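Only one chain is given next, in C-alpha cells, and it is the form predicted on its own.
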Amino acid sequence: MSDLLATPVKPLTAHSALIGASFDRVCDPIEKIVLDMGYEVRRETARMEVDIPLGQVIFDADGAQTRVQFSSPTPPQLQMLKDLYARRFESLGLAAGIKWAKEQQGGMPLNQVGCTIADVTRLSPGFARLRLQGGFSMFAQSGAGLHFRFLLGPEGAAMPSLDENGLTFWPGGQEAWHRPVFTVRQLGKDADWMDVDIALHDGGRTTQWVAAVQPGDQVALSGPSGSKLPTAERLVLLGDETAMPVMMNIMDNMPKTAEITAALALRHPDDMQDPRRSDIAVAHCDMADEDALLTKLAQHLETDRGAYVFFAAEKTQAARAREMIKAAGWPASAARAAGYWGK
C-alpha cells in the first residue's frame, strides 16, 4: 500500500480458511496475480503477505495445507476481500479443498446497502445525477473507498445474501447481475444521502436503467471500495469523462494546502464540472483524441516528480500509462493508473 493513501483504520481480523493444497501451489499463482496488478507481496519460505486497497491477506504453510487469514479496516472491505479471494481460489482450481471458518453466516453481506432513489437530474448532455437516500455511514469513515457497485439483478430476484461459508450468494448466479462501478460524488453531512454522477452512453445498460428509474424506487449497492482519498501535498489528476466524478470528489475534499493539477478528456465540453476550489484550473481535451491524456501524462512525468499521479481512462490507455510511469522510474507508491472501461 502507498504511504500516500489515506491513513488506514486499525485492521479488523475476522475471516480465515484452510486450503487443502500446498503453500507453493496456492501462493505461486496468487503472487503473480498480485504483482501483475502492481501491488506488493512479502514472501518467505512458509509465509506470504499481500496488501491491497481492500486489506491484507496472509498465507501460512500448515503441513500439506495452507492457512489463509483476511484482515480489513472495515466490515464492507472484509466482505469484498473474502469474496474476491473465493472467486480467485475457484479460478485456480482450489475451491474444492477449502474449509471456511464459520465466523459469519446468514443475513445481508457486510458490504451491502439498501437505499431509495430520491431524485434524478440531467446535469448536461452526457451526465445524469442520482440522489440516493439511505444509511451510508460506512462511506463517511476515514479511509473509506471512493467507489461502489450498483446491484442490478434479474427481474424478480431477491437481494444477495450470505451462504453457509459467509460468502455472498447471488440469486440466479453472479453473472446474471449487472454491477457497474461508480464513484461517490458527494455525501450528505449525516451520511443519509449520496449523490452519484453517471456518464450516459446510447445503448448502455446503466444508461437504460437511469432513463427508467423513478424517485421512490428501491435499489441496492455494495461498497465502499476501491481507491481512497490521497493525502499527498501535490497531485496530478488525469482522466476521461468516466473519471470526472472521482476527480471532482478528490479536488473537493483535499485540504486547501494541496497543490492540484488536473485535465479531463470529454465527449461534450458542456459536461465539464467546476471544482469547489476556485484556485484549481481543470484543462480540457477531446476524448476522441486517444493520445491527448497520454501526452499530458508524459509532460507531467518530466516536470512534476514528487507529485502523486492519478490516471483513469479506457483500459488500453491505462495500460500504456502504467508502462510510461514505470519507464519514467516513478515510485509505485506515488502513482495509480486505472482502467475504468473497455472498448
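Note that residue numbering follows the sequence shown and begins at 1. The structure presented is a predicted model; accordingly, all values stated were derived computationally and were not measured.
Separately, the form predicted in complex with a small molecule exists; it is not shown, and the next lines address it.
When the small molecule is considered in the predicted bound form, only one residue from L266, L78, I198, L235 comes within 4.5 Å through any heavy atom, namely I198. Scanning K102, R122, H178, R87 against the small molecule in the predicted bound form with a 4.5 Å heavy atom cut-off leaves one residue, H178. Only one segment in the set 240-248, 92-100, 78-86, 132-140 has residues whose heavy atoms sit within 4.5 Å of the small molecule in the predicted bound form; it is 240-248.
Interface residue remark: Q273 is not counted as part of the site for the small molecule in the predicted bound form, having no heavy atom within 4.5 Å. By the criterion of a heavy atom within 4.5 Å, K228 is excluded from the residues contacting the small molecule in the predicted bound form. Taking the partner from elsewhere, T261 is found to have every heavy atom lying beyond 4.5 Å of the small molecule in the predicted bound form. Contact check for P255: no non-hydrogen atom falls within 4.5 Å of the small molecule in the predicted bound form.
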